[in-house]
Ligand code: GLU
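First, one chain by itself in structure tokens, the form predicted on its own.
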């Protein structure tokens, strides 16, 4: 991290549903931190999940954020248009021996293009199951210089400990084989994983601080490993506490009643949304 670099933050919504209360507060925190640092705030649309991403959700997201007073300073960036960049990163990681092909069929593969906080069927959304290493001995030979029609995993060093200081939540520590294992970076349909795309984008766009929800702490550990392998500096990290419902469950896009546009239609103000509790916590 370069502490002398001008502040560059980013908003990174996934257009797979309407923004809810939790999104609003996290994105407003990102906006506030960029503003307080007199820095730049980018808008990156994480639309790699082509099965669930919708143009109407993109439009609604941009409109809701503008209504909240959140502004970004450059044209919107779409991950779906940056495939060549991710493919180049895959190639470099494979050449360096960090990747191996995986032929296992797992439920998580169907959604690996989606940010972990979008995998609403899992009780702990940032937990990709710890991989048992079934395919770890597979040859990492890259025929024709492309991933082919197979899945690829990042080879996490045995017992690797990833530590970082979160600017909001303090010291964090995650251990390979205990908290996470070899994780997916590419799927057989030609789509990069959230982990690879996010790390590559943050490096390419020179992001100096990532502000996002605390459900992505383990993703941060994985992305730090990718950045290290690519010899890229890591940004600073600021993870926000999650907003929960009356049952102490984190909000998800299935909570339509707490979607920003539903709250707007009820006459809720920006102050209500950013500071009210709605009886949730």
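Positions refer to the first chain, counted from 1. Owing to the predicted nature of the structure, the values given are computational and were not obtained by experimental measurement.
From this point on, the text means the form predicted in complex with this ligand, which you will not see here.
- Proximity to this ligand in the predicted bound form, taken as heavy atoms within 4.5 Å, picks out 211-219 from the listed stretches 226-234, 29-37, 66-74, 211-219.
- Annotation: in the predicted bound form, residues 10, 13 and 46 each come within 4.5 Å of this ligand through at least one heavy atom.
- Using a 4.5 Å cutoff between non-hydrogen atoms, residue 198 counts as a contact of this ligand in the predicted bound form.
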